[in-house]
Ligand code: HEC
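Next up: a single chain in structure tokens, the form predicted on its own.
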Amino acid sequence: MKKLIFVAFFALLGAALFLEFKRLTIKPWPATHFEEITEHFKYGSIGAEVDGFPYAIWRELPTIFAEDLPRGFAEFGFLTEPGHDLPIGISVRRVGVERVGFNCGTCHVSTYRLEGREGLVLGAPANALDLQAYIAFLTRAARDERLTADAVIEAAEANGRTPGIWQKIVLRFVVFPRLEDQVAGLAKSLAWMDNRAPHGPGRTDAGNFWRERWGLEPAKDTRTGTVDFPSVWNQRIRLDGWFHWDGNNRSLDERNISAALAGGAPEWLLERHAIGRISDWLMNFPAPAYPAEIDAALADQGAAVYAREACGTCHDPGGAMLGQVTSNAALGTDPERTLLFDDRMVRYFERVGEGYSWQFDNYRVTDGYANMPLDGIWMRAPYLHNGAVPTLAALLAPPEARPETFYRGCVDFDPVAVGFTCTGGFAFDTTRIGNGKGGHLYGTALPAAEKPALIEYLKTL
């Protein structure tokens, strides 16, 4: 009888574990939403958690790997607000187990340090966030001998998050056994990064993420589409133009959905309502005002220079060329992004969303880059589509006089040159493929005395 009871007990336990395994691996729970729109922008879900790192492990990584992460996830440029356990740009949702994912705030919240003050800016390019380094760390950590179920449990206990018995069972027998396969798949899907210049803070190569997803084997070539994160405020003034740096899509909805899909959201779990809420909010969300004193007289001189040089034709709301593509034959900037996005990619994009009401049909090939409005330009450094020029002062210099290398990833703002001037961090090399600093000669031939005036005026936009 005892033997029968013993067998029955373990049979029931096995059945329970099997059912829990199935539930933990296939069932997504409702997405995390916040009524307050700025909170949702920073912490809400867009559906990108489905393949995310298990939260129970993820939150203990800074403890287990304290030597590697002395500042926690801030080592990769993530920002944390008082009263929040999660960094800005990270959401948590139960897809099987609780998992972390990216959201809109990941790439579009930044900060600056100026005259002893620091400011958080919603909608700004996350210039200090190194997503590639973060993903590479997660891949290494998952295979590191220091990361075990026991280590996670010990770290959780040390951090006042003692897991229950069932949580420990799930961690040991469900989560960890699947982690290696999950990370192996991630590593394989990112192999294409190894033969390209590292992205560095504030940049990403969504084009090659898509090529990998479509089985186009980017690991076998060096085609590069790395670009800076853009600002996302004042979307209404951009509606009549083309989106993305190379102006390859005219649909705001497709632009937003493609960003969510590139960030990890699958088509079947896409949180379109949440994305729509944020899109509506960003329509009239204003660019940040320059946070220090502006020399009004000097700015007036700069406004005259701006008008004389007809800069507004390409960059002002109502300008004839705002949001339109200027051929790179005229611009002369790094061509790699436009070369990457070819007819073959358009054909593949036309299949995205097949069977859904939002199937893509607005992509095209261009031969240049879209003219952007200059609202909040002071907070959008580094400059050009690939972030190859650190400051506005450098952008107004001839290409040969622009820095060949400079550091990225800091928040120290230079009010004279206008941009982030770092004394250390990620060394950006403009000689690497896709990192070219040339082109955009507009303003480079201005008299030396007029350039500071123009920069002062640009601070007001």
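Start at 1 and count along the sequence shown; that's the residue number. Predicted model only: the values in this text are computed from it and were never measured.
One more form of this protein exists, namely the form predicted in complex with this ligand; it is left out here, but the text below deals with it.
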Interface membership of P291, this ligand in the predicted complex, 4.5 Å heavy atom rule: no
Touches this ligand in the predicted complex: M321 (any heavy atom, 4.5 Å): yes
Contact of K451 with this ligand in the predicted complex (heavy atom, 4.5 Å): no
Heavy atom of S231 within 4.5 Å of this ligand in the predicted complex: yes
Residues T224, A417 and T421 all lining this ligand in the predicted complex, heavy atom within 4.5 Å: no
Residue (of F76, F349, Y112, Y383) lying close to this ligand in the predicted complex, criterion heavy atoms within 4.5 Å: Y383
Candidate from R337, R99, R211, R196 lying within 4.5 Å of this ligand in the predicted complex - any heavy atom: R337
Partner-facing stretch of 233-241, 213-221, 114-122, 176-184, counted where any non-hydrogen atom is within 4.5 angstroms of this ligand in the predicted complex: 233-241
Within 4.5 Å of this ligand in the predicted complex: residues from 310-326 (heavy atom criterion): A310, C311, C314, H315, M321, T326
